[in-house]
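To begin, one chain is listed below as structure tokens, in the form predicted alone.
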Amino acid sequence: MSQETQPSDIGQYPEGDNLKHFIENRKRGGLVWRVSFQIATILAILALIALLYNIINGAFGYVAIQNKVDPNSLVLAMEENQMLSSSGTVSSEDDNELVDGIEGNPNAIGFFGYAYYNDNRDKLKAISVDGQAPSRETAESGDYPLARPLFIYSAADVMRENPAIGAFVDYYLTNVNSVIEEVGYFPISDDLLNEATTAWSAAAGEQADALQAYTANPAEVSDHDISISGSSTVYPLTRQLAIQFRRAGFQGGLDLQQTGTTAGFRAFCEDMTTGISNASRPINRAEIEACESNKRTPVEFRVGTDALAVVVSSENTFLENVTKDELRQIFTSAETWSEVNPDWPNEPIERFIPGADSGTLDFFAETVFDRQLEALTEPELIEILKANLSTGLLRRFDAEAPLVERSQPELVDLVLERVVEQQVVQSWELTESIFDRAEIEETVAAIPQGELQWRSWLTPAFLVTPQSSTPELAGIRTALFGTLWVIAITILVALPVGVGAAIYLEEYAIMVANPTLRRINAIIQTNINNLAGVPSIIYGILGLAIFVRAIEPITSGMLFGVSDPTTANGRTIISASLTLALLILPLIIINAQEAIRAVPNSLRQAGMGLGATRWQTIWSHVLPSAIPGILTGNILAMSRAIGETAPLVVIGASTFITVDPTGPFSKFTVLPIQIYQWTSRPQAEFRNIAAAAIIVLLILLLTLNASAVLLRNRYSRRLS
């Protein structure tokens, strides 16, 4: 065997082919490790992407909001109340009374359907709104701001059970365009009329042919009665067609009342005392639900168009045109004409408006004021609260923070919470919201008082609001404060103790000559290494035994006279912090040892060679050089501590608490426990806010870690 193939030399100094094989093996090994590292990196990135996707997907998306009270109806009621309670205001459901009040009075103003103005042209003058006069042309084109549709409503079951009503509705749609202009309103297009006829046919179903036969000969259904109520605006049109229906042969009872649109819907949907409802506005969601709760589904029939006329007396010489803003002032806050426009006379305004149950009043307020709840002023929001909340509840809110001192957004939130009583009844994740919008809208349409909203569960209010049993009202303020308190005390305890232990083990223990003491130090080192791998819940049990039970007088604050009766059992922030300090102490010690061990011995020798003591050398040379490594270990330890849940659950952290911690002896909860508690709830909305809380936790962790990294880099630059 040659020298180059001697077995004793191949392992240590390979040559020739052995060297070649050795290099190839090293390359293959390096390739395997490099590929493994790259695969592991890719898997880690994919896992991180999946994590972020799930979190972000849950923190944003559409929600179905169900309102106990429609917020728009609150605004409408507030505005109508302002109009009805303004000085110099007279209201009536009878438009003829309004006409009588305005005629001959140059300081009077009012509004009602165009038909009533048309019948009293010699006594009244219609004024333009935003430069547009009421007419058939401006109403049909939509140029006149107060143009509106007119309706009648019935139901399929009503028309089938009472053929007289079914026949009258058919007669109404067949003849309305021939009489509507005579009454004073404007006919609808053939397309709209065909839509109404189609809706009637669908509602009549198999009885359509029979009902049409009754339409041609109404006398055959004279054994049935017809009851109609509702809008005073539609009243003259319905009255004219009822007269013609009677002349065509109908001899049954025919009760026609002008009660106002809202009262008409109430009689039709809730009391079910009428079979047809006249309406000068579309039926709203709450009224539909009132109908459906009584198993009556309203069917809408468009019958005409009206140009709501704002009128003054023909003796008024100064008013020809008004803007919407001027109308708002005229019918609410202004007391004299000159307050609205200095060119107008300094005479009191006398207002004549429809009553509270009138659809005309609803339409006017919705069109002229046109505001959302979020746009109301503080006094208006307070007015809504006072009108809808009990005296005791208002007194409680005033005790917490006077209503007059609260900001407008705070008052809006209070109205939504206590009056509107918004609840999220269903939520969708981000991907569903983007790709399934049509299906989501169909789902929301079937929810009573349902409303579709885009929701970011992570909002400024989420950060400053305490815990709540209602997910849309819950926040993380208490948990956030608890986390900051626990982490701050944990680091203040663990960092100096851990670094001190590392200094002893690396700088002093190695100098010990006593064999027994050296063995003890070796045992300590071994235990520190082992403790780094102990499950965290074991530390929780240790903390429960020592900090919560054994030294309860200290951790509860009783020894210092600052204990809270609710935390006198030691389940406090200080107990949690000391437990977490034990948990991360091995990690800090091991990393600090590595950082100290990496400092060159030449620095120590130089310091002591110049006459410095060992401690002076450590303080002035070793520690400054090791600080970047020590802070790296601190970052790792802090990252572990901030995400721990198991030991804190054992210690007794609260799962539901609304009181912010005020010191180390307070009850507490932390973000991980809050997240765990929310994810265990059955409602999907709690998982949405859990996702938002995870984002906050990650941001908090990254912020704290970034601060430590910046501090580490600063020391590194100083040393370099």
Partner chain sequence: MAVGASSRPEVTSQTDVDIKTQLRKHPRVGETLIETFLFVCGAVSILTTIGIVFVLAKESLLFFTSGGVSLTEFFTGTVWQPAIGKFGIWALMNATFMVTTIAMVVALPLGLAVAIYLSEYASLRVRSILKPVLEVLAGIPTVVYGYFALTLMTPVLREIFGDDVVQIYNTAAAGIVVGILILPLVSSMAEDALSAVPDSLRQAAFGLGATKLETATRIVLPAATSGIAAAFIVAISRAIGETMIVAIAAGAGPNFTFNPFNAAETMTGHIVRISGGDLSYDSIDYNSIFAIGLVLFCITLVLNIISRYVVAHFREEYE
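Predicted model only: the values in this text are computed from it and were never measured. Positions refer to the first chain, counted from 1. C-alpha atoms forming the largest set that superposes within 1.5 Å between two forms make up the rigid core.
Although not depicted, the form predicted together with its partner chain is the subject of the following passage.
Novice: Mind checking whether each of 521, 537 and 691 has a heavy atom within 4.5 Å of its partner chain in the predicted complex?
Specialist: Yes, because 521, 537 and 691 each have a heavy atom that approaches its partner chain to within 4.5 Å in the predicted complex.
Novice: In the predicted complex, does residue 66 come within 4.5 Å of its partner chain, counting heavy atoms only?
Specialist: Close contact is absent here: in the predicted complex, residue 66 is far from its partner chain, nothing within 4.5 Å, heavy atoms only.
Novice: Using the partner position in the predicted complex, report whether residue 656 sits within 4.5 Å of its partner chain, counting heavy atoms only.
Specialist: Outside the cut-off, so no.
Novice: Would residue 500 count as touching its partner chain in the predicted complex under a 4.5 Å heavy atom rule?
Specialist: Yes, residue 500 sits close enough to its partner chain in the predicted complex that at least one of its heavy atoms falls within 4.5 Å.
Novice: Can you check whether residue 548 is within 4.5 Å of its partner chain in the predicted complex, heavy atom basis?
Specialist: Yes.
Novice: Can you check 361-369, 179-187, 529-537, 597-605 and let me know which stretch has heavy atoms within 4.5 Å of its partner chain in the predicted complex?
Specialist: Heavy-atom contact with the partner occurs in 529-537.
Novice: Though its partner chain is not shown, can you say which of 447, 517, 510, 243 has a heavy atom within 4.5 Å of it in the predicted complex?
Specialist: Exactly one residue meets the criterion: 517.
Novice: Looking at 414, 646, 389, 256, which is the one with a non-hydrogen atom within 4.5 Å of its partner chain in the predicted complex?
Specialist: Only one option qualifies, and that one is 646.
Novice: Using a 4.5 Å cut-off on any heavy atom, which residues of 21-48 would contact its partner chain in the predicted complex?
Specialist: Result: 26, 29, 30, 33, 34, 37, 38, 40, 41, 43, 44, 45, 47, 48.
Novice: Superposed on the rigid core, does the Cα of residue 696 end up 2 angstroms or more away between this form and the one not shown?
Specialist: Moves: no, less than 2 Å.
Novice: Taking the rigid core as reference, does residue 681 move its C-alpha 2 Å or further between this form and the one not shown?
Specialist: No.
Novice: Is there a C-alpha shift of 2 Å or more at residue 33 between this form and the one not shown once the rigid core is superposed?
Specialist: It does, since the residue 33 C-alpha is displaced 2 Å or more between this form and the one not shown after the core fit.
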